[in-house]
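Let's start with one chain on its own, the form predicted alone, as structure tokens.
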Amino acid sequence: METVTLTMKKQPDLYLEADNITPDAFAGKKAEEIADLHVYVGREQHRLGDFFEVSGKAGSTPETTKIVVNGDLSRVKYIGMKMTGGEIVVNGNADMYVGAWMQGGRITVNGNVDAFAGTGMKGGELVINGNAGNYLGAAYRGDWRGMSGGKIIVAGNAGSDIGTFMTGGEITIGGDVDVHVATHAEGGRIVIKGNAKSRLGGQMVEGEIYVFGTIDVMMPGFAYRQDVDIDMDGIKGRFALYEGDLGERHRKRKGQMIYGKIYQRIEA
């Protein structure tokens, strides 16, 4: 695998829209060609090389291309957007839309990310070794197509509205989450190893939420069913199972009604 290294040398006056920072866009290119790729600050088009030092060369395909991005990227959007393969390592904080609509490959962020990371994600793996903002793995605003595949792992906390309109894939949060988890979800799995606030599973029709800590307020549309023993990521415990959202229409599968499920740990 060939490696391209980008090192931030100039901060944008506003926000830098850099959807070309992907193995797909870099594949088959030398450093000088990568530096000539376009980026935007507002309506103005610039060169990637205006903001980053570029070294190394890309592989012949996305799958054989690794990108390492160094610096404060808290004003850089769309890193890894729609990527299909390869690897990106971000050493620093990043702005919105990291890994948005990605289909394959792996992104590792050694820092925090802002909102809409992994939005509309279809495949691949997004690892955030920090905190994540709102709308993690959710649908874009006004859309009904959330995360459908792949895996998101957050070491720290996550904001509100994670997994909105989720239909597949898996999100694991190592810390706490804010309100609205898996709203309108029709599949997928969300694991919260810390605490949750309220409005988990609102209008959810299928999928699973696991909470290892506390839930401030359980949605009234979820009914307690039974206690179950679960081994999740090597952590064993007894969980209370709730099914819902009972106010929604639900499909049947093999004659059985399908519900969204919330599991809350009650015993270690």
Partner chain sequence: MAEYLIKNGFVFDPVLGIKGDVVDIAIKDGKIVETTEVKDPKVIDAAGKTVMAGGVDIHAHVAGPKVNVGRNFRPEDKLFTYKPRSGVERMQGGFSVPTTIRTGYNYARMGYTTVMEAAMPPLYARHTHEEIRDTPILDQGAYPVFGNNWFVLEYLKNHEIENTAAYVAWLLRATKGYAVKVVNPGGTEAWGWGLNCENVHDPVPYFDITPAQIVKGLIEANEYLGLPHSMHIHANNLGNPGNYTTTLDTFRLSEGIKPRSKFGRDQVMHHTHVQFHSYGGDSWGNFESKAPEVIDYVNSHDNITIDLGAVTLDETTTMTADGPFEHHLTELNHLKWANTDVELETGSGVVPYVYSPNIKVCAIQWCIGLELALLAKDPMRVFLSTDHPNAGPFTRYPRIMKWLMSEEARRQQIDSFKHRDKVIEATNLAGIDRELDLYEIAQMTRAGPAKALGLSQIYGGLAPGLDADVAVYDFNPSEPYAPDDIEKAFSSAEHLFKTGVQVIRDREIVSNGNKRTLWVNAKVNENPQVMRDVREKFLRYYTVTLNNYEVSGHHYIPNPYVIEVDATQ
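Residue numbers count along the first chain shown, from 1. Note that the coordinates shown come from a computational prediction; the quantities given were computed from them, not determined experimentally.
Note that the form predicted in complex with its partner chain isn't included here; everything after this is about it.
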Report task. Report the stretch among 126 to 134, 175 to 183, 143 to 151, 188 to 196 that approaches its partner chain in the model of the complex to within 4.5 Å, counting heavy atoms only. Result -> 143 to 151
Query raised in the report: With its partner chain left out of view, which of R75, R106, K82, K122 would have a heavy atom within 4.5 Å of it in the model of the complex?
Result: K82
**Report entry** Contact test in the model of the complex: K252 vs its partner chain, heavy atoms, 4.5 Å
**Finding:** no
Requested in this report: Just give me the residues of 92 to 125, first to last, that have a heavy atom within 4.5 Å of its partner chain in the model of the complex.
Outcome: W101
